[in-house]
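Quick setup: one chain, the form predicted on its own, written in structure tokens, and binding and motion questions come after.
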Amino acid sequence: MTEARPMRRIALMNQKGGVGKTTTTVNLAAAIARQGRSTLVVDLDPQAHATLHLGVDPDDAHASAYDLLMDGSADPTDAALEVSEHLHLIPSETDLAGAESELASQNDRHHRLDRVLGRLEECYEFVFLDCPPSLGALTMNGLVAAREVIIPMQAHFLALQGLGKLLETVQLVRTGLNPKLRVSGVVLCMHDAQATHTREVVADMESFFESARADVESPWRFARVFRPPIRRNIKLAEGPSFGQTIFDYAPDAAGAKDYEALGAGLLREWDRLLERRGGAASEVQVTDSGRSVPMPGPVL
């Protein structure tokens, strides 16, 4: 790429564990990096699952997200580890759990990651923030630093109820701390397209997002259910134990095909947005799923 491109900052969050959040963070980032785009994963979860998934031992990292959040003078380029071509990682460590209490008394506690990413603007086109499954200082740093939120979830009734709570959280952050934040949509994980219940839940989600189109103040006005869904695939669960993305562990598996297609769709939409930069936000776009939705301005 010859022209300078803005940094696209994406927070992946869900306050329920075990829904495919970290799997989606790592494999979607890897899919985009495989297309030659400079990509960074920031592991904000003290469990360090994204770090381990990418083959990095948290105890061996010389610098981590904790260091960058606690020391404003730390150089973020020193903490970013190259894990494969075009893909870097700012790892987590167990000390990150202490950041919640250590940041509590700081006036700028929610804005520290935003400043870190500001120093990396020229280094990466895509940044994926793996937020913890709780609404504390770490997740708040992710939401303040991000420009958009992707919600990985399963198409179950209870997950649908939880989606409403997640959207309320985004609304609160957008109102009080980050007016640029919006919801891009939902990634369906461990998906079983044959189940009637699954189809009903997906239809409810799509109907909900469609009804939000007319509300110009809604952070999820442009949200949708991303396609393709990520099919249930045991290889996706096995990859982290080998410290490998699905593309390294099982490149022919259904999970690899799904994340590759999902990443390709995000890239196509992003490139179209940048080509039409400065156009009207109400311009209609036909997405890869065939649905027509309003096209937002670039996520900056």
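Since we're looking at a predicted model, the values are computed, not measured. Numbers follow the displayed sequence, beginning with 1.
Below, we refer to the form predicted together with adenosine-5'-diphosphate, which is not included among the displayed structures.
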Self-check item: Interface stretch in the predicted bound form with adenosine-5'-diphosphate - options 29 to 37, 54 to 62, 265 to 273, 235 to 243, non-hydrogen atom within 4.5 Å
Solution: 235 to 243
Quiz item: Given that adenosine-5'-diphosphate is left out here, which of Leu96, Ile150, Leu89, Ile230 has a heavy atom within 4.5 Å of it in the predicted bound form?
Solution: Ile230
Quiz item: Contact between Lys21 and adenosine-5'-diphosphate in the predicted bound form at 4.5 Å, heavy atoms?
Solution: yes
Quiz item: If you check in the predicted bound form, is Met190 within 4.5 Å of adenosine-5'-diphosphate, heavy atoms only?
Solution: yes
